[in-house]
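Before any questions on binding or motion, here is one chain by itself as structure tokens, the form predicted on its own.
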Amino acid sequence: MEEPLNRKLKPLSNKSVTLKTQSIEKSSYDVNAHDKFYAWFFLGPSLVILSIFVFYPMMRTLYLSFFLTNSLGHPSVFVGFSNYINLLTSSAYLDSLTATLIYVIAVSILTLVFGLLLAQTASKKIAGINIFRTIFSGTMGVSVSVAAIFWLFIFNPSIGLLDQVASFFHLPTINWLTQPSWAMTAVIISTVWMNLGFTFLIFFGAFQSVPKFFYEAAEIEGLSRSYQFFHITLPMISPTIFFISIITLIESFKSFGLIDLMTAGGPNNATNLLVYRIYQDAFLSGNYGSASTQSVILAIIIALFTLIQFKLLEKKVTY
């Protein structure tokens, strides 16, 4: 005799359900020897490269910061925190730190603002806009050395374009790279110009991702373009603004090429930023202990600024 179709099933106990769940989880996360071999096979080369070129230099730099070293970089005398104290009480180092902060803040803000303005302009549907989009992103294909030569010509006091224009209009000429008060301005302008290509492309992509119906609804309501920009565009691209601000800040702290080729830290150490000072102490003076200490301090400063940016800007990001 067949059992009725609607017979009652015997309910499972909580204990049996728990055991079955645990067995499923265990089987899902079990890794056999074959899987471990392939994991180490693919991760091994990367770990070796990172260990040689990242982890070991980091640990070595931290280690050397507590020593005096000879000209070959070998530790000779343990001095503890004396290197840190000497640096933080040195007027020359504090001047470099002040110059670095001015440079980083100016470059970060100007790159962000001009990148936004260029992306906003390139997003408009006007004749020939593709040409301007190509021009705006052109600096991405320019090397640091070529950019330095270009701006050295622009700022040249004899044949430079800026001073030629000033002379034509009977305006006073400026020795851009030989006056301490103007050298930092020249380097900031050059760096912002170098950064604009990348910043423009990222912002332009973000502008294109904003849904068009928001602007259509705003047009129907009669809202102005400035209102649309500050209340629609900026909130919608806020994750991109957050990303660009972090990347620009970190890259500004690491600027070296333009400084080396245009001013070499001068005049009168006006553009002697922290990274360039580390280079001078380590590779020109052979003072590896002091250079290692400066590297550690710079890493801490970058981490602190990045953390502050996360705390202040992440709350205003709309995902």
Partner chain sequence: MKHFCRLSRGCPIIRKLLLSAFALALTLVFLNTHVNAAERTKVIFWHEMTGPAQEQLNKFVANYNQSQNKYTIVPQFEGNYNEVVQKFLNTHGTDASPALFQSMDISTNQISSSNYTTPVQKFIDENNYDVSKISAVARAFYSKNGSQLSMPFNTSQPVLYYNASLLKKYKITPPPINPSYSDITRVAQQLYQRSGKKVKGLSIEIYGWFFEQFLANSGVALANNADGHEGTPTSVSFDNPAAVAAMRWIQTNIKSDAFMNYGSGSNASANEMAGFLAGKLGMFLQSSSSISQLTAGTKDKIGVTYYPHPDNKKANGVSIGGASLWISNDKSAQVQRGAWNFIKYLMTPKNQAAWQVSTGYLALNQDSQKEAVLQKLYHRYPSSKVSSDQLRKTMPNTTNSGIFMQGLIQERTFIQTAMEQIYNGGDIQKALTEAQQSMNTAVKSANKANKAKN
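What you see is a predicted model; the values in this text were computed from it and never measured. The term rigid core refers to the maximal set of C-alpha atoms that superpose within 1.5 Å between the two forms. Residue numbers count along the first chain shown, from 1.
The next section is about a form of this same protein that is not shown, the form predicted together with the partner chain.
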Task: Output flag, S76, L284 and Y288 jointly within 4.5 Å of the partner chain in the predicted complex, heavy atom basis - done: yes
Open item on the list: Going by heavy atom distances of 4.5 angstroms or less, which of L94, L72, L161, I85 would be at the interface with the partner chain in the predicted complex?
Closed with: L72
Open item on the list: So the partner chain isn't shown here. In the predicted complex, which residue out of T139, Q179, S238, Q228 has a non-hydrogen atom within 4.5 Å of it?
Closed with: Q179
Task: Candidate stretches 246 to 254, 262 to 270, 47 to 55, 33 to 41 - the one whose heavy atoms come within 4.5 Å of the partner chain in the predicted complex - done: 262 to 270
Open item on the list: I'd like to check something about L152: if you look in the predicted complex, is any of its heavy atoms closer than or equal to 4.5 Å to a heavy atom of the partner chain?
Closed with: yes
Task: Partner contact for L62 in the predicted complex: the partner chain, 4.5 angstroms, heavy atom - done: no
TODO: Would you check, heavy atoms only and a 4.5 Å threshold, whether N175 touches the partner chain in the predicted complex?
DONE: yes
Open item on the list: Can you tell me if N156 lies within 4.5 angstroms of the partner chain in the predicted complex, counting non-hydrogen atoms only?
Closed with: yes
TODO: Spell out whether the Cα of F283 moves at least 2 Å between the shown form and the other one when the two forms are superposed on their rigid core.
DONE: no
- [ ] Note yes or no: does the Cα of Y63 move by 2 Å or more between the shown form and the other one after the core is superposed?
- [x] no
